[in-house]
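First comes one chain, alone, set out as structure tokens in the form predicted on its own.
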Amino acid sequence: MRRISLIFSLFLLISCTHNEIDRGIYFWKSNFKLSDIEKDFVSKHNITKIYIKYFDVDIDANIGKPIPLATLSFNEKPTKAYQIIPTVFITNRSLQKLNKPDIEELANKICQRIIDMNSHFGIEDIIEIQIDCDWTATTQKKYFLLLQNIRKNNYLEDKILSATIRLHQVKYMDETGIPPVDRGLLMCYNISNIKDFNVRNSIFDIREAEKYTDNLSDYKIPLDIALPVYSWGVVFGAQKFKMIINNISLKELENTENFEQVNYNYYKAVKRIKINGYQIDKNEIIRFENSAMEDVIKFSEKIKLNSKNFTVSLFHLDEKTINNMKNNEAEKIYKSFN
């Protein structure tokens, strides 16, 4: 009898310490159609959730008010192999221009656009809606009121409402506030100011990231987490930010016919050229930034969230991103939370 009791106690201990983890990934392109490589990646890593950006909320130039814009096209219907999480990106300038009397109307437009898209493309069984916005102290009240109005919409009655949370918003939660949603998604990328010429890597810097994670257990809503696996080139002219070039390769920048390496990850154009359709003028500098996978994995192994049940997601699903990963790095990130 005592042996059975000990075994049962051990089972309870293991059950209490085991994390229940779902695997997710973001899809952040304008047309939903997965390549064979992307489909294989989702299947191979047992990904059960895809957070798809349905549309942006930004200021319409004609009416000067924020409305749903840049709506996603579905060039293929998602399968039942994974859940779709409709995700809406709201620009902070939209909130700045948003008048309080218009907040309920905008919330209804957001929900209706999601409903219409799901109906048009035959997408069913939605269990969660996510709102992505980097709100500030000056837009916090309007943003939180917008979330409250989305939350009370009939469409959300049986669904989870989640919101993205930046690392600094956790660190300074007393100042930034905690959004009125069911769950938060901790974004562990785009940590530093991308427009600062002297920032070495704005996507992910483990030294910066670790400064913001000492009080995660105090956050008042359960947190999921997203980690970066992408790269890009940040273009500067006279040390002033010009643009981002997605999916640029280090091999292109190391071509000495076009670029001269001037620092660790800074490359100066030696002549006027085009990369991925973008014009780069002579002497402009491209800062190559990537997700240093060794550091991302190390960070994943150390971070402790405030819930035992959560989703670990990667940003983002793209064939070129997948091809740049090696040594089963994605699987190492997912498994580091078990």
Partner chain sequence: MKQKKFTKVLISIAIAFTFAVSIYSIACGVWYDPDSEYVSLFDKALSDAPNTRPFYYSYFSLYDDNSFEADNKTNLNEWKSYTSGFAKEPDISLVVYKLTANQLDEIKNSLISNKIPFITDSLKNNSFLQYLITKKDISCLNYLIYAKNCEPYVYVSYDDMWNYQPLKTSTADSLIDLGLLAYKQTTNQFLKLRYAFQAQRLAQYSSQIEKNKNIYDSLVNPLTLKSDVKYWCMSLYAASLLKSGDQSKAAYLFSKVFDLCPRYRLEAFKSFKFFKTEENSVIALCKNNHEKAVFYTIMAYYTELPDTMYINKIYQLEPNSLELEVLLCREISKIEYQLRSIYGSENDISNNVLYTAEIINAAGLLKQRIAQIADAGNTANPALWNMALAYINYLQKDVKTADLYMAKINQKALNTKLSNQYNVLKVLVELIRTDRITTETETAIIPYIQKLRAAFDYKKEIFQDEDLYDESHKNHIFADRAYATLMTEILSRAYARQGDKVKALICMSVGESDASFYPYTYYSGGFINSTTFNLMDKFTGIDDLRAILHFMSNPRTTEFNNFICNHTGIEIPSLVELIGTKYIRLSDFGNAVSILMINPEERKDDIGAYIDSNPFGDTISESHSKTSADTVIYTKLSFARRMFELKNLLKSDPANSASYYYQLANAYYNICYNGNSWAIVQYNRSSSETYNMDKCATTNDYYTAKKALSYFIKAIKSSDNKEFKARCTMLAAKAYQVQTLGFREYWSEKPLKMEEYFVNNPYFESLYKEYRKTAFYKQAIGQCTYLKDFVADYKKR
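Values in this document were obtained by computation on a predicted structure and should not be read as measured data. Numbering follows the first chain given and starts at 1.
The same protein has a further form, the form predicted in complex with its partner chain, not shown here; the description that follows concerns it.
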**Item:** in the model of the complex, residue 65 touching its partner chain (heavy atom, 4.5 Å)
**Value:** yes
**Prompt:** Given that the partner is absent here, does residue 117 sit within 4.5 Å of its partner chain in the model of the complex, heavy atoms only?
**Reply:** yes
**Heavy atom of residue 33 within 4.5 Å of its partner chain in the model of the complex** = no
**Prompt:** Closest heavy atom of residue 215 to its partner chain in the model of the complex, within 4.5 Å or not?
**Reply:** no
**Asked** Any idea which of 203-211, 147-155, 250-258, 218-226 reaches within 4.5 Å of its partner chain in the model of the complex, heavy atoms considered?
**Response** 203-211
**Among the candidates 133, 106, 181, 185, the residue which, in the model of the complex, approaches its partner chain to within 4.5 Å (heavy atoms)** = 106
**Residue among 196, 76, 175, 124 with a heavy atom within 4.5 Å of its partner chain in the model of the complex** = 196
**Prompt:** Along 208-244, which positions have a non-hydrogen atom within 4.5 Å of its partner chain in the model of the complex?
**Reply:** 208, 211, 232, 237, 238, 240, 241, 242, 243, 244
